[in-house]
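What follows is one chain in structure tokens, specifically the form predicted alone.
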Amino acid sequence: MAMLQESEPLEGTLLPEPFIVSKVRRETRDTFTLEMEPLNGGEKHFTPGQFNMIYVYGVGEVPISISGDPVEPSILKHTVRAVGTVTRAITSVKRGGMLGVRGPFGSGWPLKEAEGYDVVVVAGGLGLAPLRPAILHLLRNRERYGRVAILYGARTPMDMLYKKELERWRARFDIDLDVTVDHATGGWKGNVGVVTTLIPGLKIDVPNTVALVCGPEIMMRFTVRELNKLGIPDERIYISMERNMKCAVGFCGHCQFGPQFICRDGPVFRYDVIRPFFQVREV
């Protein structure tokens, strides 16, 4: 079992810091984006792709990817879907309420390594939230990358995250943005089908492309398959996972994935590193 190094301080790993909720925005019927600021001031620097453990006093804590802008470390943003006891408690906190935060933890998206490459971002459902900081970085540093393509799939138009932001991204001439829904409702006139149906139409330099993928595991499995068909090897595909994390520091072993610990070695993995275990349902 993994152990903390003696030089690592306890604060920031096991002890939550108090944060005040400054804004709550409803994204969908059951999903909210919370903006939080440290009670005692300061900043929370993070790398796109990392996560925090969000603690509700008297209820418990859960891992949530950071969905804010990395150049705004004084404000934490987390997009949370109310699906369990803790996440329902988090999304019920009003402006001025308090939450505990541990982190940030984990690995980030390979944005430095991807410089000079075309970048494909594939998000499914809530998977757009962990990818949002990476997208903001790509757009802010657009000259460092080749073509940038963003593919986003949601169950219905009502389940789409960041609708206004998606419209701003769509209006840009220096990226390609395609959005699709599994089921068209409310007069939807866009693409209909799972997000993988958008991959064959990508206009990229395949031998020089890096892919960033996040969504439900079955969606990521089929996305990798389609990217492989296009010619993108596993070594240039990165996925983000967040399942079963409890302690965030490799103590408890709940998130062990083969020889890896998702909280310590992930949540972002190069696909070839975890491919043998990703295909095994029992792992």
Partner chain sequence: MSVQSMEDIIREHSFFKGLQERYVKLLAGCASNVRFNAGEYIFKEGGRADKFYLIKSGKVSIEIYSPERGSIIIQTLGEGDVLGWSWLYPPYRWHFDARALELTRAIALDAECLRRKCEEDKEFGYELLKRFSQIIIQRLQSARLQLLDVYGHASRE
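Here the structure is a predicted model, which means the values were calculated and not measured. Residue numbers count along the first chain shown, from 1.
Keep in mind that the form predicted together with the partner chain is missing from the display, and what follows is about it.
Of the candidate stretches 128-136, 160-168, 109-117, 147-155, only 147-155 has residues with heavy atoms within 4.5 Å of the partner chain in the predicted bound form.
Proximity to the partner chain in the predicted bound form, taken as a non-hydrogen atom within 4.5 angstroms, holds for one residue of M219, L227, I239, L34, which is M219. For the candidate set V195, I90, L76, A211, a heavy atom within 4.5 Å of the partner chain in the predicted bound form is found for exactly one residue, namely V195. Residue contact with the partner chain in the predicted bound form: V71 places no heavy atom within 4.5 Å of it. In the predicted bound form, none of the heavy atoms of E27 sits within 4.5 Å of a heavy atom of the partner chain. Within 4.5 Å of any heavy atom of the partner chain in the predicted bound form lies no heavy atom of D176. A residue is said to contact a partner when one of its heavy atoms sits within 4.5 Å of a partner heavy atom; R172 fails this definition for the partner chain in the predicted bound form, lying far away.
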